[in-house]
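Shown below, as structure tokens, is a lone chain in the form predicted on its own; questions about how it binds or moves come after it.
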Amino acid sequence: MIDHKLNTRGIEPQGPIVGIDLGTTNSLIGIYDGGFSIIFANSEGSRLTPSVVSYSEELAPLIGHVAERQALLYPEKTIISVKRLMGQRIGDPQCAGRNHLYGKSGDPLKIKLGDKLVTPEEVSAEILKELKSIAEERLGVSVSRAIITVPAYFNDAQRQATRRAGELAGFCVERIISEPTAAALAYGLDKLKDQSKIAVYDFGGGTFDLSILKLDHGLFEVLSTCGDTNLGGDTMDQALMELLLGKLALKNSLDLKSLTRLHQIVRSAKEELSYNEEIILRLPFLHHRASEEVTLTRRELEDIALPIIERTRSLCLRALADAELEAQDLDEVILVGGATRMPVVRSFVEQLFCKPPNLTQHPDEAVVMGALLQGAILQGNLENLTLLDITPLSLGIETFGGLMNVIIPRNTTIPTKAGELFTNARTDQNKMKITLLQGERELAKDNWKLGELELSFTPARKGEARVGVQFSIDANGILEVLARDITSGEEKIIELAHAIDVSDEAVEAMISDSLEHAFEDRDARLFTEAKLQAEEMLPAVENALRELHSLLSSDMQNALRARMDDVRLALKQEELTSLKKGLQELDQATQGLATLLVEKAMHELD
């Protein structure tokens, strides 16, 4: 198997392990040292470094607060919320409405900032370099090892993109862990002797996740996770901007500089209204107009925010169902992410989970706290904690008939490894194309194609070849697939970088689709299985009738052919119930044929 440690571009893993929350809006870095969790402040004295990068023609990129200020002057050279673009391609829903994007539809996207073309990974690497510099300045030593957090519902392509960004920044990325899992780890540090079930409601700048974990005397196990990687504080900001543009009668008429300025005003207004019932926004010279003042109330904000928050309800209920729990079974609900400071969010969570949320964790810092604790666990500085994560969607391969054969089911604890043996569909077949799938649908065509590999094997009669397929998911949630011919020992391995080239929106839609189409999917699988059985049985019965023609009465032959016609008609009409009944009756009608075939063969030998 491939050792993931070899994928760090020659970086030697040594020294302290830092924890990093690479956020949509802000990023943080810290370390666990001497029994203390320490989050480092940047040069402006803030532990939050804005995830903003501004490029210039001659100077090094600007990151953080200074880049935010540059955005007002040079919005065409500045990028915010780049995390939403990680692992994306041109044309994906995450790209809608975004400026600076460059490339043809379906291509990995690039971002045009001034005269530079950069990838989302390269932009994120600049943020990570800044965090690395902050840590090294505070510690006085070189830092090259990191734990980086991602939303629980980041798919494999997004996780791989995050890992590449870390490597570009000079890190050996020891682990990629889910943000809600990290937050639960931070919550449980002083509760190592407890047994409890925890829900982490993580409403960040660009993503939403709900994860349910079980804490059992220092063992953290993720029971389920559900989320939407296109839902977060940015969604509210956009809705609030639409409201203000409507008030100012400026819809579709602002230039990029004015829009950037308004976006910063809106973000500050959202935060202020968490603590004030009403504020006055001073809007300076938008679109060549005089400076204006607009009154905004918390009620107005909540009216536009509540439908967005309401979108999290079904995701929370699905996570509870996957964990086989009711809301009242939970001991705590932890809030993570800046948006959870809003009173309307806290009220919604209390109503949904039938208990007030636990507010002991800092919503901006809980994730990085968990990441640095995971670093301490890896270094042996915290020996009483163990963290077990899960895979959010099923993994498998396409089998004969176009069916999805699941090898690793959804919500399996990772790291994990599982495999199955498969055989050849035709006599003298000498190779097998293995299509790798992810998803929850019964038919292969309805799931996501991750990739494929082709394996040659020793030719054999139908059903006699043996090919083993093994799926392995490491602690980062990154997948590796091995296929081996059991007879010759020949094998192939594929490591899935860029594994899921589909939109983030489709990630959460996959489970919704599987529930919506559950009954028709089940019937489609049952029909396909019955069809394969019929396609084997009908030629076998035809051959038996030819061989035993002289031994069978006309009535028996006619009865058998009638049963065969019933099966053929059901196949043509694609009617499952009739097909299953026809196969059962044909099977019963042919019970005596096997005995006659054996007797005939023995007679011919004599």
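In this text, residue numbers run from 1 along the sequence as written. For clarity, every value in this text was computed on a predicted model and none was experimentally measured.
There is also a form predicted together with adenosine monophosphate; it is not shown, and the following applies to it.
This chain appears without its partner; in the predicted complex, the one residue of Gly204, Gly227, Pro392, Gly439 with a heavy atom within 4.5 Å of adenosine monophosphate is Gly204. Proximity to adenosine monophosphate in the predicted complex, taken as a non-hydrogen atom within 4.5 angstroms, holds for one residue of Leu352, Met342, Ile177, Ala323, which is Met342.
Stretch 330 to 338 is the answer when you ask which of 447 to 455, 239 to 247, 370 to 378, 330 to 338 has residues with heavy atoms within 4.5 Å of adenosine monophosphate in the predicted complex. Of the heavy atoms in Gly233, some are within 4.5 Å of adenosine monophosphate in the predicted complex. Taking the partner from elsewhere, Tyr275 is found to have a heavy atom lying within 4.5 Å of adenosine monophosphate in the predicted complex.
For the chain shown alone, Lys270 is a contact residue for adenosine monophosphate in the predicted complex, at least one non-hydrogen atom being within 4.5 angstroms.
For Asn26, a non-hydrogen atom is located within 4.5 Å of adenosine monophosphate in the predicted complex, even though that partner is not displayed.
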